[in-house]
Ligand code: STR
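First comes one chain, alone, set out as structure tokens in the form predicted alone.
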């Protein structure tokens, strides 16, 4: 590794594969430079599992020496992903369990089974939209028309968010994550989202519904209700996590399978399970590139390196997924038949594992088979190497996925 010279992360994400390879080549633990701010990062599967359950690493930003000393301020473009208000995503221990409990109940297997027909209906609606957009052999952006709106509709249904508000929310989150957004505009977006979700919470307090927002408001965890700030923090972060990860999962799986027509044929024929293709995508091309950030409350020795008290630690999930010690020398290849497809950390590990992981998998397991059944002749409209990522350091997010369609025999397009 090279702890003296941090590896700079390209804010424009011009060569994600090359950057992932460079980070991995630097060793199991190394230093990154994130828009001028140094942090340790982990690329080794086993070390990541250990550190993700190490109670000496916390999410409390006040434990970060660069923050407490004033070196990092609110002007740092990535600060909103770390200093995001009080929620299950920013606390540890008993407080984390208290704030997370209602989410775990809402996303339990029974509730997900109830959501399945809702997701199937939304998928069918969007496939109709896709058919219209791609009629006559026109090139259509699969991400914009299908993969982008579906997760927001699902999480919106779960949270009780009006569908009319979805475009605005998608625009806000896009601006929030993009490094191209000027920081003053990003701070305005954060304020706007806080105001929106605060208003939603107050409306649901006055008139509760059968949704997760109302459940958070009325949750009596540990003998006390969640505060308004805690409810707002939870739903703001859940809406972000609940749609961003799933967009990447759907788009990246389609891209991977279109580049591997033999594997696609086997998946469609049932010789390879869709679950294996989805898990292999999560391993090989994880929707989260770098997870920001945890902070050491005391010195932590990792091999020959010491993560000093107050240092920040990033988990580079895309690099971790390419760990050859776990996945062999072909770790850089997409192979849905490999035996280790499920041995990945794309949704995290330990007590902070993504609470929406099962929902994201369910959406992909419904959307992807339906997409390829409806459009078995779907093809990329540009060479794969011409596809580019959005300028987002943390999310593995394609700018667009232009395709052409070939519609199978099916009922007439609705509407």
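Numbering follows the first chain given and starts at 1. Being a predicted model, the structure only gives us computed values, none of them experimental.
What comes next is about the form predicted in complex with the ligand, which is not displayed.
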query: Does the trio 81, 291 and 395 actually contact the ligand in the predicted bound form, every residue with a heavy atom within 4.5 Å?
result: yes
query: Is residue 177 a contact residue for the ligand in the predicted bound form, using a 4.5 Å heavy atom cut-off?
result: yes
message: Contact with the ligand in the predicted bound form for residue 245, defined as at least one heavy atom pair within 4.5 Å: yes or no?
response: yes
- request: Report whether the minimum heavy atom distance between residue 283 and the ligand in the predicted bound form is within 4.5 Å.
  value: no
query: Wondering, does residue 334 line up within 4.5 Å of the ligand in the predicted bound form on heavy atoms?
result: no
query: Of these, 121-129, 158-166, 298-306, 73-81, which stretch puts a heavy atom within 4.5 angstroms of the ligand in the predicted bound form?
result: 73-81
- prompt: Since exactly one of 315, 240, 150, 200 fits, which has a heavy atom within 4.5 Å of the ligand in the predicted bound form?
  reply: 240
